[in-house]
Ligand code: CDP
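A lone chain, given as structure tokens: the form predicted on its own.
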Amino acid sequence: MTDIFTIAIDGPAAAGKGTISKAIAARFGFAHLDTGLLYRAVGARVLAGADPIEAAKSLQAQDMERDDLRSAEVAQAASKVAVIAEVRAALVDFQRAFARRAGGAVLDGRDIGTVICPNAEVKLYVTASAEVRAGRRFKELTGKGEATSLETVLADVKARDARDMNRAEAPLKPAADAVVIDTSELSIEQALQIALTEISALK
């Protein structure tokens, strides 16, 4: 494997891309970036009263270490700021520099293979049905003590999908040359094995 090797993993919320990305990074000793945290951090700052564009331009590493970035409220705020072209532009350079760092990198998000790293050595698109993803997210949220309902979570998932897939700037979709992995009926281990097989073929 060359010193610079980029793996781009895209997909909607709760499809399993984060878990798969972390496992792949650990397996190969690559650096990992959950690009969604960048948008969540911006969203959290906006909820606190900041201007979205200024929040993106002045984002600091410590902003991504907040305890509330995985909350449903911040997730919705992240999806809303992500449709702003100036916000996305402010975060592009950071992501591209990370992707081409020495030693290899795994980035997961919603426009990595299509916009951020169109020349990535490996592109995966991890997806699952809205109902399956809502079930996973509901279990995750209630496990943290958040009071919500499956119906509310499903509505949030569908609303976020609609925003992400229909936005004018960098809509969520598989890259033309991405390998699509549908995890609806797969365990994490099975999905990870498919991903590793694809990566190994291109090493």
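A quick note: this is a predicted structure, and the numbers were derived from the prediction, not measured. From 1 onward, residues are counted along the sequence shown.
Only in words, not in the display: the form predicted together with cytidine-5'-diphosphate, which the text now covers.
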Answer among 161 to 169, 143 to 151, 22 to 30, 54 to 62 for heavy atoms within 4.5 Å of cytidine-5'-diphosphate in the predicted bound form: the stretch 161 to 169
If you check in the predicted bound form, is residue 78 within 4.5 Å of cytidine-5'-diphosphate, heavy atoms only?
-> yes
Taking heavy atoms and a 4.5 Å cut-off, does residue 13 contact cytidine-5'-diphosphate in the predicted bound form?
-> yes
Distance check, residue 45 to cytidine-5'-diphosphate in the predicted bound form, heavy atom within 4.5 Å | no
Using the partner position in the predicted bound form, report whether residue 106 sits within 4.5 Å of cytidine-5'-diphosphate, counting heavy atoms only.
-> no
